[in-house]
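Below are two forms of the same protein chain, given as structure tokens: structure 1, then structure 2.
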Structure 1
């Protein structure tokens, strides 16, 4: 084991001896490691925070503290049992701070939730359970007063802002890749106006902001041994935004019959069973606080988040891969094509999705 990990872990109030530290998870942004104690039990999760992306680590860690404390309090009020498995617990350092800066990198540690599992592959049942969990998550956080949670990445899911970044990238053509992506640029531009209606509705006072998770992948939920939801994890992007973010991003990631970076576009399409299970579960826990306009926009949200991801991957490709971790030189281009194919499939399924939402 690298000495640096030991040095970092020593800054926190761990309580037991560390045996090994191994990579865990497959996120595009932070580095996640599993910490095994001397008795062979995996007890902690160590994460290196990507501070080039989360530039205000204080803000980030404070948000997470607010969110986990708030959820813990709600669970206590409800008389829940086993609360330590239903909300994340972050450790403080010996200086009573909730992260450690080693002069170069920022680190945090949380308790590994015992007897938990996460899933990389989806089923309709998991989709339904995840939907209820993310709906409940939004519901529990709805009464955090405005201004308490900050945007950990400013304008994270603001489509107008993402388009501006995209257009800046096109204008700069920093990596000289523009000529090979002209048709993709056209696909983005032809949908641009119709994809910015949330910002417009917000300015008109017709849509409000709510606290969203903003990374609603199925692997950001922990389940117990019997497949029952324990808790929502990966809280870096919990922030105020539009409610479609969470619905849309789950459909984008969960209801894709292919991979996010599938090279074979024939595999990419919409799995309607996953969509339906998610819509049903989500409305069961979220209908009480959603407006009719928000409910009617849910299928649009699926298209919007897929479009936004298309724009973000393409922007990164044009910029020369400065944001997402890549595994091949054209990874962001492959991702862009796969997201665009998914978007086209979602567009084709739009009516069926609307009909289903109306039937619920």
Structure 2
């Protein structure tokens, strides 16, 4: 075990002696490690926060503290038991702060939730359970006053901002790739105006910002041994946003019949069973705080987030692959085409989706 890890862990109020520290999980942003105590039990998670992405670590950690404290209080008021398995618990350092800066990197420690599991593959039943969990998560945070939480990644799901980044990339043509993607640029631009409805409605006072998770994937939920939801995890992107984005991002990732970077576009489309299961579960727990306008726009949210990701992949390809990790020189181009195909499938299913939402 590296002495560095031991030194970092010693800054936190751990109740155990540490036996070993090993890599854990498959996250793309932070470095995550499992901490095993002397009795052989994995008791803690140690994370190095990626401060190149989360540039204001104090804001990030304050958001997480507010969210976890708020959820814990709600669970206590409901008379829930086993609360330490139903909300993440972050440890304080001996200086009473919830992260440690070693002069170069930022670190945090949370309790490992015992007897828990997560899933990568999605089924209609898992989709339904995940939807109820994310809806309940938003419901519990709906009464946090405006201004208490800040954006951990500014403009993360702001379509107007993403389009400006895209247009700047097209104008600069930094990698000299523009000529080969003109048809894709056209596909982006012909939808641009209709894909900025969210921001327009917000300015008109018709759509409000709520506390969102902003990374609503099924693997960001922990389940118990019996497959029942324990809690929502990966709280780094919890911040003010629009519910359309949270709903849409799950459909974009969970209801795609192909891969996000599928080279065989015939495999890519929308799985309506997943969509319907998610819509049903989400409205069961979120309906009480949603407006009729928000509910009617949920299918639009699926199109919006898929369009946004199409734009972001294409922007990165035009820029010369400066943001996303790539495995082949045309990886971002492959991703763009796959996302555009999913978007076209969502557009084709739009009426069916609207009808199903109305039926609920």
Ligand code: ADP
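Just so we're clear, the structure is a prediction, and the values are computed from it rather than from any experiment. The term rigid core refers to the maximal set of C-alpha atoms that superpose within 1.5 Å between the two forms. Positions refer to the first chain, counted from 1.
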**Prompt:** Structure 1 or 2: which one is the form predicted in complex with adenosine-5'-diphosphate (ADP)?
**Reply:** 1
**Message:** Given a superposition on the rigid core, I'd like a yes or no on whether residue 18 shifts its C-alpha by 2 Å or more between structures 1 and 2.
**Reply:** yes
**Asked** When you overlay the rigid core, is the Cα of residue 38 off by 2 Å or more between structures 1 and 2?
**Response** yes
**Prompt:** Superposing on the rigid core, does the Cα of residue 353 end up 2 Å or more away between structures 1 and 2?
**Reply:** no
**Shift in Å of the residue 328 Cα between structures 1 and 2 [rigid core superposition]** = 2.6
